[in-house]
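Quick setup: one chain, the form predicted alone, written in structure tokens, and binding and motion questions come after.
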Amino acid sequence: MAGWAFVVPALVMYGLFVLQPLFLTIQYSFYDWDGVGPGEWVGLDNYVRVFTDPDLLGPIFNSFRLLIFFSVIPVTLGVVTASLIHRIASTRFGSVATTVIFLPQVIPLVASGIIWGWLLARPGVVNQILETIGLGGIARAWLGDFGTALPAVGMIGIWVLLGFCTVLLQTGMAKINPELYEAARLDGAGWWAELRAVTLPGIKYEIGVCLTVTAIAALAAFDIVYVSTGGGPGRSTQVPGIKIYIEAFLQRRVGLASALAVALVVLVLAVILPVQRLTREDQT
């Protein structure tokens, strides 16, 4: 009974602040409601609109494009970077490199968006560097150009998430038996062969965790996009989080926003559950 005294308050708070909002969101998704007056039951109409209206499908497609920048690239670069740092972990440079790479992770996302908004502006540091090295012809307002805005937001995501992936993967590498590396080196294995034969099989669980966290960050992105572009120019960087905010609080279509939110939850689960399943299979 004494144990329940600690568990029950946590369950109550979880139900109040997690489960209740989730169930209310599902309930609202079946109504045409402005958030103030009485709602009108519309059944699955909001869901049909979510998956047929180009204005609502566009943000979903944008979020999947961000998966490349927020998840695939940071995890891939994280494996390579962690492997290189692991080889020099005993040196002073290894500790410094880890600290520098992880630093963006401790900066608030809003601050990161503001900083990169300055750097990528037309008179920003990035364009000044390009002009200095003779590439001024490609300088532009990176976050204000229809063709480069989403990749530019993706670059911010890479900068933020690379440190997290690197440190987590480096921790996984530290648990690998050093004798495996020694045996590989005695067999003449280089860095790439060592990475492929020893490191990757030993950090499959950590890679799964990185893919899960970064995929959720990509599909549920809001802070960085809102601060850096606000979803523009046009709708080129509009993601589900931004669209939900616009529909619920600006257009006052709470039912439609709720349906999009529920669809987003389903999409997140559809992406991360296979990763989790593969991870569990590798652990058993």
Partner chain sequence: MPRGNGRLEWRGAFRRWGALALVAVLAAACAGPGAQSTTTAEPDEPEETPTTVSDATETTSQDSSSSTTEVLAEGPSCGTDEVVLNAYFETGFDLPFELAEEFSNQFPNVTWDIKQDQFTNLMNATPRLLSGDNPPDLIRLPSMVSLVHDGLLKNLDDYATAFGWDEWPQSQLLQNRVAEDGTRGSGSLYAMGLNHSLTGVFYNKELAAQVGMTEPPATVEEFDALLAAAKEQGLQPIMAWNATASGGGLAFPLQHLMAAYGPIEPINEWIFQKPGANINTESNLAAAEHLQRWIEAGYFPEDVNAIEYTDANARFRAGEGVFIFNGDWENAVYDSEMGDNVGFFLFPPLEEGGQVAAMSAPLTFGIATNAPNADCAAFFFNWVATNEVARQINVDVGGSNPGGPADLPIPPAAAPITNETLAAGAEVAKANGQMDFIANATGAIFAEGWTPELQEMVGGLQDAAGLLEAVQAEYENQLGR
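Residue numbers count along the first chain shown, from 1. This is a predicted model, so every value here is computed, not measured.
What follows is about the form predicted in complex with the partner chain, which we do not show.
Trainee: Since the chain is shown here on its own, which stretch among 97 to 105, 115 to 123, 152 to 160, 210 to 218 would lie within 4.5 Å of the partner chain in the model of the complex, judged by heavy atoms?
Mentor: Careful reading of the contacts points to 115 to 123.
Trainee: Should T229 be classed as touching the partner chain in the model of the complex when contacts are defined as heavy atoms within 4.5 Å?
Mentor: Result yes; T229 sits at the interface with the partner chain in the model of the complex.
Trainee: If we define contact as a non-hydrogen atom of the residue within 4.5 angstroms of the partner, is V266 a contact of the partner chain in the model of the complex?
Mentor: The answer is no: V266 has no heavy atom within 4.5 Å of the partner chain.
Trainee: Is there a heavy atom of F69 no more than 4.5 Å from a heavy atom of the partner chain in the model of the complex?
Mentor: Judged by the heavy-atom cut-off of 4.5 Å, F69 is well away from the partner chain in the model of the complex.
Trainee: Applying a 4.5 Å heavy atom distance criterion, does P38 contact the partner chain in the model of the complex?
Mentor: Answer yes; at least one heavy atom of P38 falls within 4.5 Å of the partner chain in the model of the complex.
Trainee: Spell it out for me: taking the partner chain in the model of the complex, does every residue among G58, R65 and S258 have a heavy atom no farther than 4.5 Å from it?
Mentor: Not a single listed residue reaches the partner chain in the model of the complex, so no.
Trainee: Looking at the partner chain in the model of the complex, which residues in 237 to 258 have at least one heavy atom within 4.5 Å of it?
Mentor: Read in sequence order, the residues that approach the partner chain (within 4.5 Å, in the model of the complex) are Q238, K243, Y245, I246, E247, F249, L250, Q251, R252, R253.
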